[in-house]
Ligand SMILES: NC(=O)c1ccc[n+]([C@@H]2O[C@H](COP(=O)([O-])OP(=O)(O)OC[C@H]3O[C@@H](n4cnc5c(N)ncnc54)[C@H](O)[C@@H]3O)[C@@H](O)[C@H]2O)c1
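Here we start with a single chain on its own, the form predicted alone, put down as structure tokens.
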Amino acid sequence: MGNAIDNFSLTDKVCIITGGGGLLGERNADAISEAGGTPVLWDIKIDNARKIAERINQERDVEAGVYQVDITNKVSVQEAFRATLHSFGHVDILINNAANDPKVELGSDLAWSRFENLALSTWVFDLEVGLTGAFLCAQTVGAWMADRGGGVILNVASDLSVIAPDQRLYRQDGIDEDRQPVKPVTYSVLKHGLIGLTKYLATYWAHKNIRCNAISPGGIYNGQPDEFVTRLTNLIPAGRMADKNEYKSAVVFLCSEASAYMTGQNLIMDGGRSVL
């Protein structure tokens, strides 16, 4: 262990980030590269992930990787991991970031998101991406790290891993109660499930020097409608949504030796919303 600042370094560490082409995936990749590590972006939608990797490579003179992966498919995960090892030689960190996050917006079909109406196919697909995908990636990458002396798994959860959605945020005037849009049940369920997976892996591989933690971000401001932002900020003691870069330092902390004695925990960063 070095001094307090040195412990945050990720120099020579290789980090796989699922959903690497998304909003938080990009921020996670920035965090890893800014701390000296090499991000490897896995995403089923490759174009944006490739753009992110190219930008990071230019700005920080690293060789960020990009692989097209269907994390709901075990063969796809295994093939991508073999390709990653072939290119980078080792993997030290896995960030399970990928998830479907259905946007609740005014539209022609306002009732689809309600619990009574949610399609079984939506339930299955959302849990496959957000929870089964994390399981398959941890099974493949985590087992490899465990066999080779240790590593870090970080599961990206949500404030909805510890609280239920407040459906008042999504209400629309002039719409019948049974057609009011809501945050679908799948998002909260899979994020709660990620916390269970985090605790399980933290104890299962503790003797193999694998640490597994979760981070639960609150809502990130990304151009949402003013009415929604006002409703949400009224529920947050800090009085605002998070900036898109606000979680990067916490990601570095959880992925580095700075958190060496921390495992099985859920770091909640939500401006105080969940304590009310």
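Numbering starts at 1 and runs along the sequence shown. Here the structure is a predicted model, which means the values were calculated and not measured.
Beyond the structure shown, there is the form predicted together with the ligand, which is absent from this document and is the topic of what follows.
Find out whether any non-hydrogen atom of Tyr187 is located within 4.5 angstroms of the ligand in the predicted bound form, and reply yes or no.
Tyr187 belongs to the contact set for the ligand.
Going by a heavy atom distance of 4.5 Å, is Thr122 a contact of the ligand in the predicted bound form?
The answer is no: Thr122 has no heavy atom within 4.5 Å of the ligand.
Spell out, yes or no, whether the shortest heavy atom distance between Thr72 and the ligand in the predicted bound form is within 4.5 Å.
Judged by the heavy-atom cut-off of 4.5 Å, Thr72 is in contact with the ligand in the predicted bound form.
Does at least one non-hydrogen atom of Leu23 fall within 4.5 angstroms of the ligand in the predicted bound form?
Looking in the predicted bound form, residue contacts with the ligand include Leu23, since a heavy atom lies within 4.5 Å.
Among Arg60, Arg240, Lys51, Lys45, which has any heavy atom within 4.5 Å of the ligand in the predicted bound form?
Partner contact (heavy atom, 4.5 Å) among the options: Lys45.
By the heavy atom within 4.5 Å rule, which residue out of Ile236, Ile220, Ala250, Val229 makes contact with the ligand in the predicted bound form?
Looking at the other structure, the residue within range turns out to be Ile220.
Can you tell me which of 110-118, 162-170, 91-99, 145-153 lies within 4.5 Å of the ligand in the predicted bound form, counting heavy atoms only?
It is 91-99 that comes within 4.5 Å of the partner.
Is the ligand close enough to Ile16, Gly37 and Leu254 in the predicted bound form that each of the three has a heavy atom within 4.5 Å of it?
Checking in the predicted bound form: none of Ile16, Gly37 and Leu254 is within 4.5 Å of the ligand.
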